[in-house]
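Quick setup: one chain, the form predicted on its own, written in structure tokens, and binding and motion questions come after.
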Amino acid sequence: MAKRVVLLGGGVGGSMVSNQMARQLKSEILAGEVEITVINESDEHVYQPYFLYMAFDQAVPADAKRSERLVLHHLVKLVVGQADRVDCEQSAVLMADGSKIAYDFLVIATGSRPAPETVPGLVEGGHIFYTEEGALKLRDALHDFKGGRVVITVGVPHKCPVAPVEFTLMVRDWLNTHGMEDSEVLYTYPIGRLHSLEPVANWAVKVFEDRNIQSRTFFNAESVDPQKQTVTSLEGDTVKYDLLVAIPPHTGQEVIKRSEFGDAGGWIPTNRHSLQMEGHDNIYVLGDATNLPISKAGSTAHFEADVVASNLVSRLRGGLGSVRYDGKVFCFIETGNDEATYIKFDYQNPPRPQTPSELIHLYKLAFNKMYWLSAAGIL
């Protein structure tokens, strides 16, 4: 009987692991010794970083979507449907339609989801750019905006850790180029500095000062009053806004909660080096789904996918699967004014933001285009 590898979740993590494995195990798959299956709720593969650009009318939904089937290697099976839960005793993913998909090895790459509903009034009174729908609504709101105070409030945890800083710098640039230089931009953050990564926080202080961006720390949004157009923090601060953009807290996916795998937030306890689910030798976790103390970012899933694919190939061929993940992350940071910078770091080495430049901005735009080749395993 074939050894069955099931990947729960498409996206960058699931597609990269399955494609790398399919290329390396081609002979075993063709011989019926290995079977690789991806389970995805949608038949579309979505590149989420484009949502930020959609908010500024610099991208449209079609830029961010491809057929999941076209992204996957032709030897990888695709099941489109909703997973209800994972049953470890049966070694199977139980689907919402009542079917069951058995596995010998399971890779969980279910990602995370924004949860604006956890802040009363936010859905009605604020905007987000972490979904296609939210980004398009924000695009329309910016198009109709006549000036005033733009408030960016950040909740944790959230994916793409530098996205709040990116949006703040891009909206300042957008206001300036649309004749609203006098409009205020206020950025709030829940801890005592401007970002969870201290080097990024220190870098942002000077950049915000240079761009005339106000900031307030120790501000955890508790509620929004859409009528009064105010947002109030747990610490007791209330600020007025004309346009509210929130980075809401994120949670793990419901399938993880139903499987009773995760902690209170739906994050799965994961070994930081092997990327195996704690207590389960045949389950790997990558990307946003883990509880690891590293950024929830696409590049994280990318680097983790290399480790998971290598170890699964090794184990399927009789090895031990000894490749270790070192916490590597790489993030571009759009800074407005047609410039960008980047950070790279791992478990041992902190990030060091570089001086923003037009060249790095062009690299970022080029990477957006090349993503589809990377996801398909061509790069």
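Keep in mind it's a predicted model, so treat the numbers as computed, not measured. Numbering starts at 1 and runs along the sequence shown.
Another form exists, predicted in complex with a small molecule; not displayed. Remarks below refer to it.
Across the options 197-205, 292-300, 232-240, 169-177, residues that bring heavy atoms within 4.5 Å of the small molecule in the predicted bound form belong to 292-300. Proximity to the small molecule in the predicted bound form, defined as a heavy atom within 4.5 Å, holds among Ile343, Val313, Leu52, Ile29 only for Leu52. This chain is drawn without the small molecule; in the predicted bound form, the residue among Ile152, Ala163, Val71, Ile268 with a heavy atom within 4.5 Å of it is Ala163. Mapping the unseen interface onto this chain, Asn40 counts among the residues with a heavy atom inside 4.5 Å of the small molecule in the predicted bound form. The closest non-hydrogen atom of Gly111 lies within 4.5 Å of the small molecule in the predicted bound form. Although the partner is absent here, Gly81 sits close enough that one of its heavy atoms falls within 4.5 Å of the small molecule in the predicted bound form.
Although the partner is absent here, Ala309 is not a contact residue: none of its heavy atoms lies within 4.5 angstroms of the small molecule in the predicted bound form.
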